[in-house]
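Take a look at this one chain, the form predicted alone, written out in structure tokens.
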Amino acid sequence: MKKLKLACIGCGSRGRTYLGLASKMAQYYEIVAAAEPSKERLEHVKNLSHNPDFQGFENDDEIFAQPKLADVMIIATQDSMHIKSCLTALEKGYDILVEKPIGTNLKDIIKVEKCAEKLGRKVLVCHVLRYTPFYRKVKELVESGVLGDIASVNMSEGVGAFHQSHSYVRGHWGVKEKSSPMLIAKSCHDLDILCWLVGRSCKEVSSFGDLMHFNKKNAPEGAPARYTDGCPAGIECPYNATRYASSERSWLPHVWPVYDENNPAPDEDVIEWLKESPWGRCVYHCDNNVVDHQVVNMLFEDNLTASFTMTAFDHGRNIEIFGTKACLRGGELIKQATGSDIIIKSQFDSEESSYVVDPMVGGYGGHGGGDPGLVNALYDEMGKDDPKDMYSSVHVSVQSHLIGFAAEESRVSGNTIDIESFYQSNLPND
């Protein structure tokens, strides 16, 4: 069996997650190179590779200056950097595994799709939810016909209030102009799953949402710009940044390159870091402008309707699928209430079926086993003859990105967006 050689640009939490999983599957993968400005993260990946010939580089320009080093380039940098690396990698002859979102504007995303098609290269998008046992079971049940014809779907994602504050207020994705709209940055996973489950093209989108809570009007009286400057709300504030030194330490490896989970920094070092770090800021005095709640209404072919709610103020994902024969409910609320992951209730009698789905072990907990599922599938996906047959190819991923950007256009303009017209207006010029 010929191993797939992997290289990676960006060795933050997502890059290290994929490479860490690949390193445990040495029969399939060989980690040969990585580009990352943090020496600590690059050293970590070198150790993961168990490869004496591993090559490390400071940035994408350096790695692309070399002859082609690998079969697959993993692109796991910040969202705004994806497009440049994707297009260069394709031109250099790499197939690609790219973290979602593909990019931060629709024209560039379509450009990647067109470039991959022109060059006959493969681009697999990290829509990890497609690779989870839970959503694969939902897909199986939908396709079995047990629900009848699907009339409508409701889905929701509860980001979690502290997660919202960490990533989308203080963090990398808090300012739309520096990253992308909230739906693209966080929930294109969910929009992708929705498109996959219904198996139809979306025709129209409308959306509403706002930044309701994480703004100056909700700041405690006298709250300074940084919690380390002494906030009168003190530790009673659930977003007090000093929690990074106690109950919220698990977030630190994602944003503090020198933080070592095996040798945790003392509290005083964490507090000192917070004095200069973006994560030391008061959540009510940041420069964030992405929404903290949003609803998306969608009309698909055959007049199937769907809605998706993203909110900072809940935890976990939930789904309802309403069919002419039965209704499927699943996710966090069903699990808490019944112990099952999925329940199907007949429309005509008291018959009820329940399913427990065991997630795969590894990767992010909130991804339901999708991270190891993706890495397990990567070898076979890259072996497919037609790139369009790949499970989460760029060609299928464009639709969920298209819906996300259309939803943001609707939210801002107040108009219902015709998807085909919106797509045509965003085709790249070259």
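Keep in mind it's a predicted model, so treat the numbers as computed, not measured. Residue indices: 1-based, along the sequence shown.
The following text describes the form predicted in complex with a small molecule, which does not appear among the structures shown.
The chain is drawn here without the small molecule; in the predicted complex, the stretch among 44 to 52, 377 to 385, 391 to 399, 57 to 65 whose residues come within 4.5 Å of it by any heavy atom is 57 to 65.
For the candidate spot formed by 215, 278 and 285, no residue has a non-hydrogen atom within 4.5 angstroms of the small molecule in the predicted complex. Heavy atoms of residue 12 reach within 4.5 Å of the small molecule in the predicted complex, making it an interface residue. Although the partner is absent here, residue 71 lies well away from the small molecule in the predicted complex, with no heavy atom inside 4.5 Å. Residue 270 falls outside the set of residues with a heavy atom inside 4.5 Å of the small molecule in the predicted complex. In the predicted complex, the small molecule sits within 4.5 Å of a heavy atom belonging to residue 78. Put simply, of 128, 182, 169, 191 only one has a heavy atom within 4.5 Å of the small molecule in the predicted complex, and it is 128.
Here is the short version: of 239, 308, 173, 94, the single residue with a heavy atom within 4.5 Å of the small molecule in the predicted complex is 173.
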